[in-house]
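Let's start with one chain on its own, the form predicted on its own, as structure tokens.
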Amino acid sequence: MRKVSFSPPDITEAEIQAVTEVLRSGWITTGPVTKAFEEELARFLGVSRVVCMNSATAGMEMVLRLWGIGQGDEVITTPLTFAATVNVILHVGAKPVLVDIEPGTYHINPSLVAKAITRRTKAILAVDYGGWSADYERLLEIAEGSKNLFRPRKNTPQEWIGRILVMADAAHSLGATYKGKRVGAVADVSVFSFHAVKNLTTAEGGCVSWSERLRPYDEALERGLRLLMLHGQNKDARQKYEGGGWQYAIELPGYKCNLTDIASAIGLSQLKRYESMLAKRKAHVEAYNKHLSRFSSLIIPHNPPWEGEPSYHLYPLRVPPLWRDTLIKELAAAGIQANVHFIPLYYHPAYRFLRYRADDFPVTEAFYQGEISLPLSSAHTEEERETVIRVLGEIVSSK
């Protein structure tokens, strides 16, 4: 029986060769390859600068810390996400405020966001579910319209824009667009993931980008993030060893979140062929849509009502809720790995203290109960895709 993995990494000889070259170079931690990766990412996203870290989780937390968000503050986000989105809010001592997704989308409901804003709200952390961008124009309008409630903490970046920060958990959406711009250049700050199952991988890794609105603060933003992510040092390892510049200063008690040149070599190689990788994902999605739309019991994924193209990270198929778990088991018995995205945050014991219930999120709950994520990767072959379509069709036809 041929197995179809859920999301295998798309690794070629180019990535292997790139890693080998770094291993032979004598420099394997953060250095020139990471710098080159950051520069190419910035060009790809259409932004001025990018800072790479060892995960999107670290990136989101470092942004919140740099922004001075902490005890007594609130950050509004969605329950339809992975734990990392809310964990970083808790890590900095702030309170996660969850609001439902908007009907007809996979994304946080801007109208509910507006109602949830208080004087304590310091950030809106939207999630680009499955590779579709959130509606950032509406979220930015809400943030602008709430300036009268906003009280920035002195001597923090909160003063730069003088309103609630609109931040993108863009872990799924590298390469996606929103109203003609790449995701990464739309929200005030965006954070991407390069985890093993993401469209572009460095095994583990991520990056932070920011929009034109923050370009006047490029140097301060980049310096602040780099201090936080490397123990508060004002020089990285390469800077200390080159030219005898061994002196450095610890300017604050920072963290350890840097991305290595080994990881960056994988990412840089993947970025060079990323457009073709996206094209393969899109072809898989179009084939799924064509064949699965003939089943009246299935609801194929839909684009949100705003202009944009997704990154085709997930294929969230909707099935009758009573079938969902059985379908996943029957697919597994046929060697096909399916998944669910996501178990909403309010189901997890770690967040019971927030006192949210499923009844508080009817749109999220209805979506979750019938969602199955089908295998989707640029590493999948047409044969593997057709196997999924055939097997799933046989199972659904037998219901």
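As the structure is a computational prediction, the values presented were derived from the model and not from experiment. The first residue of the shown sequence is 1; numbering continues from there.
There is also a form predicted together with a small molecule; it is not shown, and the following applies to it.
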All of 131, 200 and 379 with a heavy atom within 4.5 Å of the small molecule in the predicted complex: no
Answer option from 92, 127, 292, 97, heavy atom within 4.5 Å of the small molecule in the predicted complex: 127
Position in contact with the small molecule when the complex is considered in the predicted complex, options 193, 264, 78, 311, heavy atoms within 4.5 Å: 193
Contact flag, residue 82 vs the small molecule in the predicted complex, heavy atom cut 4.5 Å: yes
Residue 171: touches the small molecule in the predicted complex, heavy atom cutoff 4.5 angstroms: yes
Proximity of residue 205 to the small molecule in the predicted complex, heavy atoms at 4.5 Å: yes
Residue 30 within 4.5 Å of the small molecule in the predicted complex, heavy atoms: no
Interface stretch in the predicted complex with the small molecule - options 38-46, 370-378, 348-356, 52-60, non-hydrogen atom within 4.5 Å: 52-60
